[in-house]
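Below you will find one chain, with nothing else, as structure tokens; this is the form predicted on its own, and questions on how it binds or moves follow later.
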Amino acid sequence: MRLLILFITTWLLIFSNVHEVNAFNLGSDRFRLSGFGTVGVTSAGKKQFGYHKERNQNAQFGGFSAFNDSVIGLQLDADLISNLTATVQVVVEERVKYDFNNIVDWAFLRYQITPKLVARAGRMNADLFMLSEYRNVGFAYLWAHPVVEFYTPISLNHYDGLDFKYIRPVASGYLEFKVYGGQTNSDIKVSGGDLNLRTRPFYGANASFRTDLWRFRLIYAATEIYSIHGQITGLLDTLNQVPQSAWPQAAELSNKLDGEDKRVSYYSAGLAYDNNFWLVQSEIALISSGWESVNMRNGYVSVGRRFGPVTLYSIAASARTIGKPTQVVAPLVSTPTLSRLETVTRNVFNAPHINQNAISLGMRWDLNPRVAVKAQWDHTWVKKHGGGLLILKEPLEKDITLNTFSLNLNFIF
């Protein structure tokens, strides 16, 4: 699959020949096929500390990789009947698992109820960020990749359900309100191994205001974790089998690690400013849950300046888990088996804890209206037991720094 990604993106790069390319002509105005892609090279991670920009990707442990940033997508839009359209978007990129759920990113029907009210049903983007509509379309945003500290904690591209959007023109711009609901299913990679995470119901609302220069957004979403499958299941079963007389804390630790039936709430605010010379964008978020490992706050500020076709930019970002990891108390009975279980459990509580800050410098060069080259350097500080956004081969027992270099070419067609 990795070779397939690289082959397709490279072929499309040669096909475009860095000239303007148009959407495919399907012989009818009712059907429109378009696409996007990124060919990228990344230097990231270290031998024991793996980097990934999304939790649904495999990690990079040092060296150079042509897969973390490379992606190809195709989108088909069809006008079915009056006011009713269909959209299907297929995305191929580095994934923990390849199946229908992970490759078909969008598949929905859209009905224009009134000029101001739209309803959609099917598989749609999870509208939790400023980049929600085009998170995979590198050409559509400034940076070489979405800000890791803000976008990686929720590596959720889509959900299955429905939404309603109302748009109201005002004197200086547009007000937009959206409500939605459904369920999600994600395959992600964490330091403890691969996880399949299913949540339902997944629901939320957002409000935004847009003018020629400004965009403001407020977002609320909530869900309940329906099921978790992965290596953590075995640890929970083992803790539940430990006699209380041997380790009184075992049952409590199992309950804290078990995310099933735990509610998660998400609050976010964002703003963007673009006057054709200066570009400013910022988002902040708070995640609150009864599941200890996902309580956190994060945010970033990005500032860019255009000089003709070239834009220089910088980013400051931070992500931090709220509170400290649960303190694991030693068992009352000392045996080699219980000692190993104590160590594993302590490491599992420490591993998802996040305490990470980063600064980034980058450049975007628009070669033409459909092709752009980007280069970016990220310098990241990760505190002891704060590597929850990394894939750890060993416990993070000290502060570390990481340098990530990204160079990619982004195009739409």
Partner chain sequence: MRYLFIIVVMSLLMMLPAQAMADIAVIVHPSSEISELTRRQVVDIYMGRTVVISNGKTLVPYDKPENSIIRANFYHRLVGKSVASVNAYWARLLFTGRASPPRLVSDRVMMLETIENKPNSIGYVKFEDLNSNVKMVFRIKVNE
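These numbers were taken from a predicted model, which means no experiment stands behind them. Residue numbers count along the first chain shown, from 1.
The same protein also has a form predicted together with its partner chain, omitted here; what follows describes it.
Between the options Arg95, Lys262, Arg320, Arg306, the residue in contact with its partner chain in the predicted bound form by a heavy atom within 4.5 angstroms is Arg306. Note on the partner interface in the predicted bound form: the residue among Gly362, Gly35, Gly40, Pro352 having a heavy atom within 4.5 angstroms of its partner chain is Gly35. If you check its partner chain in the predicted bound form, you find no heavy atom from any of His52, Asn56 and Gly63 within 4.5 Å.
Residues placing heavy atoms within 4.5 Å of its partner chain in the predicted bound form fall in a single listed stretch, namely 119-127, out of 190-198, 243-251, 119-127, 322-330. Within 4.5 Å of some heavy atom of its partner chain in the predicted bound form lies at least one heavy atom of Asp212. By the criterion of a heavy atom within 4.5 Å, Glu176 is counted among the residues contacting its partner chain in the predicted bound form.
Although the partner is absent here, Trp106 is a contact residue: one of its heavy atoms lies within 4.5 angstroms of its partner chain in the predicted bound form. The closest non-hydrogen atom of Ile81 lies beyond 4.5 Å of its partner chain in the predicted bound form. Within 4.5 angstroms of its partner chain in the predicted bound form, the stretch 137-159 places a non-hydrogen atom from each of Val137, Phe139, Ala140, taken in sequence order.
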